[in-house]
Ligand code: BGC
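Just one chain follows, in the form predicted alone, and it is written as structure tokens.
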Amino acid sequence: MKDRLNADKALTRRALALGTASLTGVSQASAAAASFPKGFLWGAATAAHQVEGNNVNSDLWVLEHLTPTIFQEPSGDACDHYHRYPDDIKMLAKLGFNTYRFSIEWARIEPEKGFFSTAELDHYRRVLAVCHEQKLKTMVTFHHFTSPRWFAGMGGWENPASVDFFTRYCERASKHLGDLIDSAATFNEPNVPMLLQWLPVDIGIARGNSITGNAARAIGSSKFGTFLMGNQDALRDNMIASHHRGMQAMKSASGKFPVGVNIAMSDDQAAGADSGRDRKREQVYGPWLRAAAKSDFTGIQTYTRSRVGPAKDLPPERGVELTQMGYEFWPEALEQTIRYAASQAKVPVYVTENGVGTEDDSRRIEYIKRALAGVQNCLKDGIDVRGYIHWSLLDNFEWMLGYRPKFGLVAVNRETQQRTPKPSASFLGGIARRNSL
């Protein structure tokens, strides 16, 4: 009996490491039901500013170094992915994934207005080439929150000229890189400024006027427009116009890849008869889901649910499990946002971000299990879901919260830059390798 118990324990540990969904032996019928469509994309994501390091020509670099600042700490060297990308990409492929989602950095590519750096474009071409060498599909985001500081000095996205500048950037970058891009998104979560207005707590954005005034003086300008702050209506209208024209520019350049937009969504649940849920959905998601409807796909980026009161989201209920970000551990949110987005946009859906900030990797595994069960429910109902991209590949710079929240499948020692895959990396990589739960 003791030998049997030891054997069972060993089997359990091995199953967890390999990402095995069941230890009891699954019938062929149930195994088929747990499979994903052929060609389903399995990946992990990063964003340039969060992992590359030393993005000195960007607007957020300026904001990080103000006194006072709303950032807990500056990004600094980040994960030094700018130099270590070959090993990081090889690690991703070795774990079993078939897709890498990352962003190219506008502030590197066009550090001064009108000057496009061939050296930086060649850098991203090398990143794409390594992905292809490792048999990884490439999913490229052209704008992931950060912009060049010269762009901020002209008023950023509040300036109507932003549409022309972004279109020109998309055209130039696509011409240089497009033949190596498999799919692309114009923007990462362009609806975040609207979403922030519904949060039940003030995270510092409300002080935007004084912050941007200090930033303008820091760069010797009369204004400083940044994505996270400013006039929501102007930001939205100019960014939607930029999405459509940027998409056209990409398609007119090298490569014929599908283009979409990645939208931040929570599972919005009405709290009370006077809930503002429908108003929130229209304000925060509506314009962007309509833009996605005229695109090749919509990217869904979901982490939790929101209980929506009359005018704001309500705080999490007492006693629920919270993540390091302070919101509720609720992996079931993903299924609901996929269903809502698909019903509104009526285009193919990719999960372009989903994950959890936690030091307890066993909770990450649990989160992944339950989130993917929701994806399968959507597939069973005929919803066109084409991929699951986890956030994130590496523990990285989490914007205003600095390096404290841990979203990575891979831990990063910030003193040595050593990478250590977590059990969740093997777990999700095993699912990806099998294309099945």
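Residue numbers run from 1 along the displayed sequence. The shown structure was predicted, so the numbers you read here are calculated from the model rather than taken from an experiment.
The form predicted in complex with the ligand is left out here; the points below concern that form.
Shown here without its partner, the chain carries Thr99, Asp182 and Phe297, none of which come within 4.5 Å of the ligand in the predicted bound form through any heavy atom. Note on the interface: of 144 to 152, 285 to 293, 229 to 237, 167 to 175, the segment with non-hydrogen atoms within 4.5 angstroms of the ligand in the predicted bound form is 144 to 152. Put simply, of Asp268, Asp88, Glu353, Glu110 only one has a heavy atom within 4.5 Å of the ligand in the predicted bound form, and it is Glu353. Among Met325, Leu199, Ala218, Ala161, the residue placing a heavy atom within 4.5 Å of the ligand in the predicted bound form is Met325. Heavy atoms of Tyr388 never reach within 4.5 Å of the ligand in the predicted bound form, leaving it off the interface. Heavy atoms of Gln50 reach within 4.5 Å of the ligand in the predicted bound form, making it an interface residue. Although the partner is absent here, Tyr403 lies well away from the ligand in the predicted bound form, with no heavy atom inside 4.5 Å. Of the heavy atoms in Trp106, none are within 4.5 Å of the ligand in the predicted bound form. In the predicted bound form, just one residue of 302 to 318 lies within 4.5 Å of the ligand by at least one heavy atom: Tyr303.
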